[in-house]
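Each of the two blocks below gives one form of the same protein chain as structure tokens; they are labelled structure 1 and structure 2.
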Structure 1
Amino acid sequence: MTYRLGIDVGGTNTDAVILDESRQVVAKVKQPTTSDVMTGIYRAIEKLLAQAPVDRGSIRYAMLGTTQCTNAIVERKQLNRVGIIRIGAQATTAVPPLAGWDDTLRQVIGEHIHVLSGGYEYSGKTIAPFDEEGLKQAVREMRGKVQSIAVIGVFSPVRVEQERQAAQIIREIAPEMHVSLSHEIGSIGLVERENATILNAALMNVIQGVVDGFNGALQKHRIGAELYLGQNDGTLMSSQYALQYPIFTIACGPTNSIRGAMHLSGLKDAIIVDIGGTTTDVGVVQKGFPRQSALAVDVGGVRTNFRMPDILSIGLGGGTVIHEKGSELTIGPESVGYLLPERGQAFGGPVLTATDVAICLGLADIPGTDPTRVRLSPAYAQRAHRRMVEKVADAIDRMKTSPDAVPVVLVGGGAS
């Protein structure tokens, strides 16, 4: 018998499971995410192994879903400095790289920008000769100041040569630098593809930390499994691949929920409602894969265009704060998040949350809570509950693709 290990590190909870050969769940744990995420993974594995005493050597594959990269961008932390090479002058000069990025993010990335002659027309013809000398000079100048380089050529999704040529030149001069090529990251739409490529290049240290930590946690447990990371479209990538394309992990949180819900329900076409601590994310499964969004997507305030699951996120989760102002009732959007066991009223804390409403109405029973601690009249709790149900029903309806009935699968900590 061989086994697979699956771990999902969310903003609120870290979930982990062991599956056997027939993909049956043999062990599962949920525990709060720790500030040191890797310790959380180590402990999760420890608990799993206590639950199901499987032979460590028989765990062949280990899959990790993590929002570490997303959080790094949103919080502007741990990002590395990036050299930006855009190939396309004189075209494109009316909108320089990093236009529209906020000052904090610009400073973190550093403003090492070089717009060089080159690029292609939509037909694949050359706009202008590629300025190799300019590139060599730029790389020499940036060496030691940036850790990675993003290369973005005009119409590179149509013709890749100049970007590849640039990568070769960079590797010859500065072999220590990571190189991200835009045609491998996104599609037509220069600004969005460039932004995604720069973010990818800025995540090199973060993803290295994630993979090292994941590796370390497994090694400490003497598990010699092959490592995979979940990516946006619902498939897996090897950890070596993830080290090149960390940006592809950016939406794996909701994607993992969708894939997990599909696996457990056995449904190939369904609407998946993932009720987390802070938000409820509604996604759609079509023919076994998460439906993709065609629109430009903002990542931490930066406009990008790579493929993402089509998710409708509403500000309602287990930790969502309920405000009472006289007869006025508002739900969220703020949440106590992973602090629910400290802040929620049923846990003895001061804040009224969606979880408290459920406990007060006898809809949920969570160890360590006491419904009498919730300061809420039953009538008011009913109203709040009705409003929450309406919000979710409306979100489901918005994601439907036809008037026909469709199965809905509820997942996540808040679903119970």
Structure 2
Amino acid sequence: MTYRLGIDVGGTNTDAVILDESRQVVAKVKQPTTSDVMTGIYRAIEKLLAQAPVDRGSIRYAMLGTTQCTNAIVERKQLNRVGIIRIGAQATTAVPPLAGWDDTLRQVIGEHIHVLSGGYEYSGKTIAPFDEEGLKQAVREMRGKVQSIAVIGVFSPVRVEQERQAAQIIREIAPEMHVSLSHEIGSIGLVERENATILNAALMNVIQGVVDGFNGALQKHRIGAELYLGQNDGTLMSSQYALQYPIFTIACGPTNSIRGAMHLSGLKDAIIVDIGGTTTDVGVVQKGFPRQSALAVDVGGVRTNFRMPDILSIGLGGGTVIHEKGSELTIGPESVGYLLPERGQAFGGPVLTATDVAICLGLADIPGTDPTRVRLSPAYAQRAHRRMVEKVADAIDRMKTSPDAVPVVLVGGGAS
């Protein structure tokens, strides 16, 4: 008998299961996610093995689904500072890189931007010679100031030579830097492909921490399984591939939830609302399959065009922080995430969260909480609740493509 180990690391909880050869659940656990990821995974595996003392050598495959990359973008945390090389002057200077980005995200990414001569026409014809010397100077200027470099060439999916030439030069001058090439990430549209490539470059530290954490936890338990990560088209990728393309893990959690909701509800056409600790993700099932995005996809307020299911993520989850400044009320996007049992007011902590609002209004009953600890007037709680409902309703409306009624399925936790 051989087994498979599946783990979903969310912003709040880590869920884990062991399946046998017939895909039957042998053991399952849920426990709070930890700040270093590895500890939470280690504890989850420990509890699994306590439930089902299987031969560790018989666990052949280990699969990890994680929302860590999505959460990092939404919360603007743990992101690399990115050097941006656009190959397309003078043809593309009318719309500069990072145009339309939220100021909070621009500050985290940094604004090390260089637009160099080069690029191709849609036919593959060269627009202008590639500025090698300009690139070398730019890399030397950015070295030590950024951790990753994103290279974006005009119509590079048609011809890849200039992007590959740029990557070779960057690796010769600064071999310690991660390099993301846009033709490997997105489709034709320049701005959306550029945005996706910059986000991919910004996620390198995040995905490295996830993979290291998973590997470390498996090694501590003496499990030598092959390691895979879930990607956003519902399939798996190797850990080596994930380290190059972390952006493809974005929306893998909602994809898992969509597939789980379809299986449990038996519905073939529905809207699935996956409520996590940091975000709420809304997806659509049509004729039994997750709807794929045919347009630019919004990720953390940034328009992108890499392949992924049609998911709308909003910064609202159980750990979302509610701010009160006089008569002003704001919801998120930051979240206490896995620290909810320590930081949430209903648990005895100092931070007002979405979960506290629900508990205060009697809409949730969670062991270990006390509604009287929530320092919130009933009127203010009602106001915050209305704002949260409006955010979710607006997200659902934005995902509908017709005025007809459609079932809505609420789920939480990719591994559930």
Partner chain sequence: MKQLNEQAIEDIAMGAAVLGTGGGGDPFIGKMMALEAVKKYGPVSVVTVDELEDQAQVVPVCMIGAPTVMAEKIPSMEQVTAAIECLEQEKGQAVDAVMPIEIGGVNSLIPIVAAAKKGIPVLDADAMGRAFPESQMVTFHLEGYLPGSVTLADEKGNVTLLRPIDGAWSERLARAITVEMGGSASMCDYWLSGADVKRAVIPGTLHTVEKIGRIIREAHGKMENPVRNILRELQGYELFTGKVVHIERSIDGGFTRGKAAIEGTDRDRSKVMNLYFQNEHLLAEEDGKLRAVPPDLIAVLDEETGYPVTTENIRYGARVTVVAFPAHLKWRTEVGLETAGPRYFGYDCDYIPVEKLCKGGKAE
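Note that the rigid core is defined as the largest set of C-alphas that superpose within 1.5 Å between two forms. Counting starts at 1 with the first residue of structure 1 and goes up one by one along its sequence. Because the structure is predicted, anything quoted here is derived from the model rather than measured.
Number of the structure representing the form predicted in complex with the partner chain: Answer to the question: structure 1 is the form predicted in complex with the partner chain, whereas structure 2 comes from elsewhere.
Determine, after fitting the two forms on their core, whether G277 shows a C-alpha shift of 2 Å or more between structure 1 and structure 2. Yes, the C-alpha moves 2 Å or more.
Core-aligned, does K145 move its Cα 2 Å or more between structure 1 and structure 2? Not so; K145 is displaced by less than 2 Å.
Under a superposition restricted to the rigid core, does I73 display a Cα displacement of 2 angstroms or more between structure 1 and structure 2? No, the C-alpha moves less than 2 Å.
Using a rigid core fit, what is the CA shift at R398 between structure 1 and structure 2, in angstrom? On core superposition, this C-alpha lies 11.2 Å from its counterpart.
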